[in-house]
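As a starting point, one isolated chain is supplied in structure tokens, in the form predicted on its own.
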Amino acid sequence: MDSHLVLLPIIIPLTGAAAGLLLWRRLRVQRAWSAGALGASFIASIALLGIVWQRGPVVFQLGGWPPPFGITLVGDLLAATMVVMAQGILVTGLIYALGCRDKCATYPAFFPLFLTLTAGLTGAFLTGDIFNLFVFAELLVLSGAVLTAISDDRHGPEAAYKYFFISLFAAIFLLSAIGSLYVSYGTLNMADLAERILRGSQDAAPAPPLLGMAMVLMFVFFMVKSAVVPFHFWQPDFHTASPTPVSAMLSSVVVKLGVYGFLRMTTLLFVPYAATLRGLLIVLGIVGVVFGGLAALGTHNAKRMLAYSTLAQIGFILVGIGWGTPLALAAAIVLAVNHSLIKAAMLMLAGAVASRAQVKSAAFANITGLGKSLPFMGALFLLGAMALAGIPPTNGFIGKLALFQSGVVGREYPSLAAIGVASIITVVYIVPAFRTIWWVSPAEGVKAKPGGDRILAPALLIGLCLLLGVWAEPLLRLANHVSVWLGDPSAYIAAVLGK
């Protein structure tokens, strides 16, 4: 029965979305139903992580087909950790949506689409074959694009088109990679594919001619998904125009699909060629840290600033994956979880401030000084800024400290120095943003609206950022276990193929 547990985090939100559409005339019931479905799915994901951590991977073969045939779902330690992280943040996103003033949140399709996005992201983490990774990724794209297109922001449809078409090109890259790998090895099951690639390298046999192209195409696909420079250009517009509960999810957990993909590529699928991939990730990570920070520094919109800062924060994670040591991989996991919490909270706070402006917009010209009448929100934003900059006692400090320790242990001094200097840029753009909103006096006659988006969700996330900064041991222990697991791809192969 434990094997069926890997189905629940996918089936519950997907079924909840379908049933929610039937409740389109009763929006209050639909909202309660959606919240219950996502809450139940999150509980199931926690239960899955508990079982995986104690007993090992949970593998389910749909239709009873023996591996590598048929559709395989795999809840290993990496996938289960990513699912708990993603669904935990998505729960807070739904809480924010329940208390926000966006008109689009009252549309009958909003919450079913939110659940569909949850199912797509969860399925992409749990699938055991690369074709169904494509299927779940497309489900994620469609739901995210529609949620942005219906935004109250007049630029929503334009941003949605940009995201949809760049994702379409990325999907073509992934499909081409899938075809190349299938022609080369006759399988799409990730465990079987990894075993065949590893066996071929051990036998010193010449690599199939399409293997190199497949790696490049898949690498580009994950670069697009995680908005890695230079494939980042869709991200700022998309996150700025999206409804706040949606942009908070897109910039925090949806971009982690690319991080997950890079981890799978370097620790499972293409282990014989991991050194080359990791070297490229280090370069891209350093470029992302520098470019993302400088771009955030030059923006005039709080949500856009935070969207660009995601490029920088993802860069730190890529550097950790690129270093590739057990300690560096553990640091990358910690950074991924911590960034999800921080970025979701900060975007929610930016949206909450904008909801109290006379014209709902996160442009600094529109929200200057509005925070003076919102001291509690200002305290939350300041704590989030500290976490984003890596200042104790927040979880952001724990993540960056773990990364820098791994760099010192691995003697990665040049890249460590580069990201160390570039990380200072975070303080340079986040402090003026706080000052503009909460310290500068507003223009004469400008007052914050008495009501706006509720801040329960960001308050919960900031509280968790502080908790994981003061009591980081559970997350660090989990990250170390995930790192050890990633260091032994044969264990994943044996669990899936039953060897």
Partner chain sequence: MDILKAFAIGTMFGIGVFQILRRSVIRSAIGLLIISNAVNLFLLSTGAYQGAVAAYAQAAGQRSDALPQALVLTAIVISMAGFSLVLALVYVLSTRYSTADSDEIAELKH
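Numbering follows the first chain given and starts at 1. None of these values were measured; they are calculated from a predicted model.
What comes next is about the form predicted together with the partner chain, which is not displayed.
- By the 4.5 Å heavy atom rule, the three marked residues 50, 60 and 73 all fail to count as contacting the partner chain in the model of the complex.
- Note on the partner interface in the model of the complex: the residue among 77, 159, 115, 255 having a heavy atom within 4.5 angstroms of the partner chain is 159.
- Of the residues 291, 131, 397, 404, just one reaches the partner chain in the model of the complex with a heavy atom at 4.5 Å or closer; this is 131.
- Using a 4.5 angstroms limit between non-hydrogen atoms, residue 264 is distant from the partner chain in the model of the complex.
- Although the partner is absent here, residue 103 sits far enough away that none of its heavy atoms falls within 4.5 Å of the partner chain in the model of the complex.
- Put simply, residue 140 is far from the partner chain in the model of the complex: not one heavy atom of it is within 4.5 Å.
- Among heavy atoms of residue 192, none comes within 4.5 Å of the partner chain in the model of the complex.
- The stretch in contact with the partner chain in the model of the complex, judged by heavy atoms within 4.5 Å, is 184-192, chosen from 184-192, 405-413, 342-350, 219-227.
- Residues of 116-155 placing a heavy atom within 4.5 Å of the partner chain in the model of the complex, in sequence order: 131, 134, 135, 138, 142, 145, 146, 149, 154, 155.
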